[in-house]
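In the form predicted on its own, a lone chain appears below as structure tokens.
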Amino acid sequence: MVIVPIEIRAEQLGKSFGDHVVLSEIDLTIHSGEIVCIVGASGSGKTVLLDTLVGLIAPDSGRVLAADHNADSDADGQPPLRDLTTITERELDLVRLHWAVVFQRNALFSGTVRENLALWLREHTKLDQAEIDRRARASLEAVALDVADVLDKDRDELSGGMAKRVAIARAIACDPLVMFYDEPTTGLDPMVGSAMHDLIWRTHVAPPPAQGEGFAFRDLGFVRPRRTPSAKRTTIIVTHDRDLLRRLRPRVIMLHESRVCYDGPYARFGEPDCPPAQAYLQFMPVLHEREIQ
């Protein structure tokens, strides 16, 4: 039997804001190489769950375990799992070195596209400027942007679709093992949204770089191993976009009334045994259209 390593596990996760319970007794396990979409009505806790999984929000109860790719794996290829609720901030930062997050509003900082793509590499690795520039250009090419046209544009000169692509390029420049997306097609027209579906899929299945032995990080005392074919990328997406589900056919996790009401393949999402999923699927296009407007 093939054992697929665990990337992230949530155990009995709970989170409230005042008297409002957002997450309650959430149990889920995400394995290496999976593509997972988290769905649910507005206010159902999707982004709170995502922020909790990446350690931006501390749960009130339960815990989040994440694979520590800085340590040796066991005989089954499983890296040790670290409890994000108990490790130090420095230890959490080391775990996050293998992740990238594409935020709903992109979170590009003021400055040029070049500066946005170079910052993480400059701050955390020992790559020289020439290699940083090479990686920045390669990442822009990977998201189908005209490098000569975009590289030195200011953030405020970018259209919504271009800004989203730059945010993804910034994420893949560090070749992460885990990609997190929060509403990646929000605010995009259907044509641009369709191109974004393709980009997310290509990023998920992209092979590791053909060259390089890894990133030598500043002051951390280790070299991050280059992603290998056996270390598959994991993708976790919060979305309202039914077309994205239809095209990617991911594992779907639906939140309803603070709990997981469906966790399974897209092919079975909306079957009669889960009435909330049936109702949500009918309403999904309306929710997505509201966000575009």
Ligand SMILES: Nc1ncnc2c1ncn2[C@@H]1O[C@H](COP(=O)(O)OP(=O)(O)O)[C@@H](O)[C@H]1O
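On a predicted model such as this, the values are computed, not experimentally measured, just so you know. Residue numbers here begin at 1 and follow the sequence given.
From this point on, the text means the form predicted in complex with this ligand, which you will not see here.
Note on the partner interface in the model of the complex: the residue among Ile35, Val48, Ala67, Ile253 having a heavy atom within 4.5 angstroms of this ligand is Val48. Shown without its partner, this chain lists Leu28, Ala41, Ala231, Cys261 as candidates; in the model of the complex, only Ala41 has a non-hydrogen atom within 4.5 angstroms of this ligand.
Interface membership of Ala10, defined by any non-hydrogen atom within 4.5 Å of this ligand in the model of the complex, is ruled out. Contact between Val22 and this ligand in the model of the complex is found at the 4.5 Å heavy atom cutoff.
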